[in-house]
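Let's start with one chain on its own, the form predicted alone, as structure tokens.
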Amino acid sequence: MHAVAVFPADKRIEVIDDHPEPKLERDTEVLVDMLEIGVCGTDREIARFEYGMPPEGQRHLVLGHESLGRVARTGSAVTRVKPGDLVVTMVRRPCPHETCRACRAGRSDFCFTGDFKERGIKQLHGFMTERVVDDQQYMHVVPASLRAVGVLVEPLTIAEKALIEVWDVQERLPWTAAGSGDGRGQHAVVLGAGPVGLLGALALLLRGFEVWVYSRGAGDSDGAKWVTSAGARYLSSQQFTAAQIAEQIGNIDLVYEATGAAKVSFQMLEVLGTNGVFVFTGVPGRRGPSECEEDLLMRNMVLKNQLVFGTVNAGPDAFANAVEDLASFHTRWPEQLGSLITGRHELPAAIELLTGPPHGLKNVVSFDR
């Protein structure tokens, strides 16, 4: 089969035509024809050979972890999906250690050991190929009505997992709607206007938050117009500092970070409100040390009862919520949702998408089926 593969030892990336055809080997496995694979920052970092690990004994790693496919065949014991279903396949697989309570409980997104595997990232081939086989337990059905945007499920799971954790921790505040997913009356700031940030903004709006998106684009940029058209407010870092934002908003209840930019994130952490929660989702690149007000941050966290946590990958609950919320987005914001996918490209174009200058919001490698 054709596939986009990285060869870390050789420092090269190419479209190969000899990737082995997958076969059903267990009665719970599913053969999926790939339809679309999203390209994200993680893929581009692997294409720069910053990380990425082929399966054991192999020289190449097939890229791609944001997927949408159609079920072609199923094993005899498969009950979750059927031929013709649209599916999104989860990324992470559990570690082998019996002592890892998270993986043994089916929550490898909280793996204790770090010996998990991830499709398209670490020791498992990804989805940027014609067909894949995986176990039914890792597949989530996407309604046919979401065919045009279903590839956004996986990036949306980042926000979904974060919000699941937010409601869990906010049960410490009994006078709020903690646990109900109701953010009415609360102020949320999203850092970053990329796909992860904008999908997070929609998830927060859906739950009733007042939402501000803070990004480096100008106040009259296309991203700013997208944000305001969805019902949120846009603030440009070219015009406003974090302190000025806090003056405008008042008490900031939640910050959802989706930039990987440490400096701006810690500036915003300095103005997080009383009883506020700050969620880190981005991973900063390897840069030199930067300054922050350590005493101020520590004082605020103690005296304002603040919580700060990071989140990575996603479990089955976040994928299920993402499918449900994407359907709600499609009903409420069809134009905005569709416009997040700014380009669909055939397989040969994937190399340029992975290694060339970034452009657009979400580019997708599409198999014409």
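Note that residue numbering follows the sequence shown and begins at 1. All of these numbers come straight from a predicted model, not from anything done at the bench.
Heads up, the form predicted in complex with beta-D-glucopyranose isn't pictured, but that's what we're talking about next.
**Student:** Is L307 part of the interface with beta-D-glucopyranose in the predicted complex - any heavy atom within 4.5 Å?
**Tutor:** No, L307 stays farther than 4.5 Å from beta-D-glucopyranose in the predicted complex.
**Student:** Would H187 show up as a contact with beta-D-glucopyranose in the predicted complex if we use heavy atoms at 4.5 Å?
**Tutor:** Flag for H187 set to no.
**Student:** Just to confirm, L199 within 4.5 Å of beta-D-glucopyranose in the predicted complex by heavy atoms?
**Tutor:** No, L199 is distant from the partner.
**Student:** Check whether V312 has any heavy atom within 4.5 Å of a heavy atom of beta-D-glucopyranose in the predicted complex, and answer yes or no.
**Tutor:** Residue-level check for V312: yes, a contact with beta-D-glucopyranose.
**Student:** Using a 4.5 Å cut on heavy atoms, which of I121, V271, A261, V87 is close to beta-D-glucopyranose in the predicted complex?
**Tutor:** By the 4.5 Å criterion, the partner-contacting residue is I121.
**Student:** Quick one: from E160, D253, E154, E257, grab the residue that has a heavy atom within 4.5 Å of beta-D-glucopyranose in the predicted complex.
**Tutor:** Checked against the cut-off, the match is E154.
**Student:** Given the stretches 113 to 121, 78 to 86, 271 to 279, 229 to 237, which is the single one in contact with beta-D-glucopyranose in the predicted complex, using a heavy atom cutoff of 4.5 Å?
**Tutor:** Careful reading of the contacts points to 113 to 121.
**Student:** Along 33 to 64, which positions have a non-hydrogen atom within 4.5 Å of beta-D-glucopyranose in the predicted complex?
**Tutor:** Counting only heavy atoms within 4.5 Å of beta-D-glucopyranose in the predicted complex, the contacting residues of 33 to 64 are C40, T42, Y51.
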